[in-house]
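Here we start with a single chain on its own, the form predicted alone, put down as structure tokens.
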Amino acid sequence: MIALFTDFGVDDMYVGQVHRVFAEQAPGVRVIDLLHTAPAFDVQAGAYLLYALQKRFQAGDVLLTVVDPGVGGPRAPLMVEADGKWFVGPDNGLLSRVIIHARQCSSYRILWHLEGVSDSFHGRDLFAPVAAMLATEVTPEHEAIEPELPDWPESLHRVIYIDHYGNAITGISGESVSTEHRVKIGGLEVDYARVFSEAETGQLFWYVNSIGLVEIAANQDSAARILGLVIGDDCRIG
């Protein structure tokens, strides 16, 4: 299986071009769109989202991961084998949470190169072909590398994603909080509820979502609208 995690968006031309690479170079391999609305250019937010989302994948799966504002610059193209799963993407910190938390991990600079690679679309011309190779048990030319590991906290106390319901996902691990805590965000303190049905209609609450992160929500309403939230806003546990 190949899974795609990018900030390409779902309305532009980019995702379809990547799918064409897989149709040509990895026919018969299942390809799924995990997320294409990772916050644009926000490598840090992407790193925490990716780590949370990748946990349900299995050894042998390949994840193409692209949040790459430095494309065409000096950052290395990277492939990482972490607990039997392969990750392909830029060496800019996007894979750092996966690498840090893996029980077994090896990181490699991609040396394979195709003639005519676009300077601005490595997702299509470099990372996708490499992911296709790994998914079909072909190993591209590579060398061991010490990857970029930014000094980021275990839990990131800011909003890293807002879904179309207006739920605000934070980078705070659900394992780091208790139900007695309150979340301070948007000038308010928000209490815990286990699920939406335990909150009154329109009531703000926080809970640990299905990927293990603290999320601020409102039952049948938009927490982001009510609190005026945008990606990057700070939040605190109190």
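From 1 onward, residues are counted along the sequence shown. In this text the structure is predicted, and so the values were computed from the model without any measurement.
If you look for the form predicted together with another copy of the chain, you will not find it shown, but the lines that follow are about it.
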Note: another copy of the chain not shown here; in the predicted complex, the stretch from 85-93, 141-149, 122-130, 101-109 having heavy atoms within 4.5 Å of it is 122-130
Check: Candidate spot Ala40, Gly72 and Arg194, all three in 4.5 Å heavy atom range of another copy of the chain in the predicted complex?
Finding: yes
How about Gly187: is it within 4.5 Å of another copy of the chain in the predicted complex, going by heavy atoms?
no
Taking another copy of the chain as it sits in the predicted complex, is Gln58 near enough to touch it, meaning that at least one heavy atom pair lies within 4.5 angstroms? yes
Do Ser176 and another copy of the chain share at least one heavy atom pair within 4.5 Å in the predicted complex?
no
Classify Glu81 as contacting or not contacting another copy of the chain in the predicted complex by the rule of any non-hydrogen atom within 4.5 angstroms, answering yes or no. no
Within 3-22, the residues having any heavy atom within 4.5 Å of another copy of the chain in the predicted complex are Asp7, Phe8, Gly9, Val10, Asp11, Asp12, Met13, Tyr14, Gly16, Gln17, His19, Arg20, Phe22
